[in-house]
Structures are given as C-alpha cells and as structure tokens.
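One chain comes next, on its own, written as structure tokens: the form predicted on its own.
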Amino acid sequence: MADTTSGAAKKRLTFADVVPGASTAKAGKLAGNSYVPEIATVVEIIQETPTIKTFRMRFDDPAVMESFSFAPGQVGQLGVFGVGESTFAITSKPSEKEFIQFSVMRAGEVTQALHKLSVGDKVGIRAPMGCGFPMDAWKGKKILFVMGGIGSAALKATIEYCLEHRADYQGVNILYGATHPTNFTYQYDIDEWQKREDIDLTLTIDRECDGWQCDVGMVPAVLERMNPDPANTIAILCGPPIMIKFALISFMKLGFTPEQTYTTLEKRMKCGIGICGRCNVGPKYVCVDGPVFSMAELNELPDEL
C-alpha cells in the first residue's frame, strides 16, 4: 500500500528500516514542512558532457546533512530560487555524508538556471522522495544494469550501493550506451569500473567512431548479443523512452519475466508528496508509489506514459 501520509507526519527512517519488496523501499524524509525546501550550498560542479552537469551540494544545517539518508533510486526536488524546481534522481552514494548530488541535463527553464549556478550559490532541496530499489530483497542475485545517456543518473546510486556491498550480490553487470564517446556521464566512474574484476562492463555507442575500441550498436541489439542468463537475475533499465521500449522487447526474448525487470519513471512531478495529482498513472502516483516500478506493476496500470 502506498504511503500517503504527509512528510511532516512521517517517522524519520534510516536505510535499516527499508521493507524488502518491489517499490516499497523508503528512506528518511527531511524534517518539517514537506513543501518547504532545505537550503543548501553548491560546493562542486562537474561538467559531465556538453549538456550535463553534476552538482554537489551541502545542506546549510549540519544536522540535516548528517541525518540525511535515502534509498538507491529515490529522487528529490532541486530548485533555483525565483525560477522553480524540478525532480532529479539523487546520484550520490547512499553512504555519503559530505554532500548530496544531482546530475542535470540542460533542457527547460529550471535546468537552464541550474546550469548557470556557480560554486557558493544557494539552492533549495526537498528530498528524498518516492521509493527506491528493494536492495535487501535482491541479496544473492545477479544485478544487470542497462542504461542509456542521462538514464545513468537514475541508476548511479544503485550501482554505487551494489559496489559498496559487492559481497551481497552474486554478480554485477553493466551495459551502458551513448550516442558518442563524449556523451557518457561519469567517465571517472567508468575508468574505475573497467579496472575492477568483480564487474562485467559493456560500453557501446550508436555508430562507429575513430578511436573507439568497445562495442558498437544500439543498446537493445547489444543486450541481445550479450545474451544474459535470466536465472537468479534482476534487470534494471533506464534511458530514453525509445531505448526502454525496445530493450523491454529484448528482455522478453531473452526470457526475463516482468517480475524481475525494473525501471524508473520520469513523469513530471510537482508537489512530490502525492497531493497535486500531476504525476498520477491510473491509481498510482509516481512521486510516492515510484519512481521505481517492476514491469509487472506497470503492466497493471493504464497505458498513459
């Protein structure tokens, strides 16, 4: 059952309170009025690609920074004062206590304003929101991450969590696609992943490129060539809608069931706490029932996405 109580009425949870099961993992809420953002200061900006920046912020209240917790896959509302706020995946490590991190692709009014920020500027953050991935329920399983472009942001915290708790998972396999080598986010992470012997990493770009030495081809086609064994495997998928559409077809061909295939939804949110109804899909609200859903759950919902 979805948790529809207000943020002010919710108990502050830690990750130890997470309940195993699809779309039920919740972490702590910021104290106080859920509509009022906590003030944070930009402490670092990383230019990931020509259109994507990663922002590291620190809550101005040290107690808030110290007590902040979230489950991998949860999101937050990041706002520029006088402009507005938008929803983004939290991309920092769940264990990180020095900053909270978001990756932002420049697109609309809010993201344009975010891209103009400098170190030292103030922002508003309402987080965490929604449900994360049920990592406890997946212990002992193989985790297959399939992502494209900025979709890596939605899965970064989950990958970080798996690598910090590597012994809990039978395998970690990452398939990451981009249109061009310059469009891979987190290239510093990719460098580290390539060095690790306990990760299977596959990188692919859409078309041949001078100097490129990894795979070439669209993510769904490369996924089918990889031919992953669905036995005891959880597949997590995020990327452009067209990639997700065809990757899901590939998963079905490979024998993955809807119950073992997960994705995150990015339907536009506003209030973030299930009040305004802007992000509803049938009876579900992406901001409180998601953004994490198994395909079995999505198959029960109206085709409104």
Ligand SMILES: Cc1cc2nc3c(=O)[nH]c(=O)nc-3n(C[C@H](O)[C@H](O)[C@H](O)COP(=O)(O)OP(=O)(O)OC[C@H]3O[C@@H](n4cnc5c(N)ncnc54)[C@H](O)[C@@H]3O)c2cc1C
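Residue numbers run from 1 along the displayed sequence. Keep in mind that this is a model prediction, so the values were computed, not measured.
Keep in mind that the form predicted in complex with the named molecule is missing from the display, and what follows is about it.
- Interface residue among 105, 205, 117, 221, judged by heavy atoms within 4.5 Å of the named molecule in the predicted complex: 105.
- Contact annotation: of the candidates 133, 88, 161, 145, the single residue with a non-hydrogen atom within 4.5 angstroms of the named molecule in the predicted complex is 88.
- Three-residue candidate spot 141, 228 and 248; no residue lies within 4.5 angstroms of the named molecule in the predicted complex by any non-hydrogen atom.
- The stretch in contact with the named molecule in the predicted complex, judged by heavy atoms within 4.5 Å, is 105 to 113, chosen from 195 to 203, 210 to 218, 171 to 179, 105 to 113.
- Residue contact check for residue 266: one or more of its heavy atoms lie within 4.5 Å of the named molecule in the predicted complex.
- Using a 4.5 angstroms threshold between heavy atoms, residue 270 counts as touching the named molecule in the predicted complex.
- Contact annotation: residue 75 falls within 4.5 Å of the named molecule in the predicted complex, judged by heavy atom distances.
- In the predicted complex, the named molecule sits within 4.5 Å of a heavy atom belonging to residue 153.
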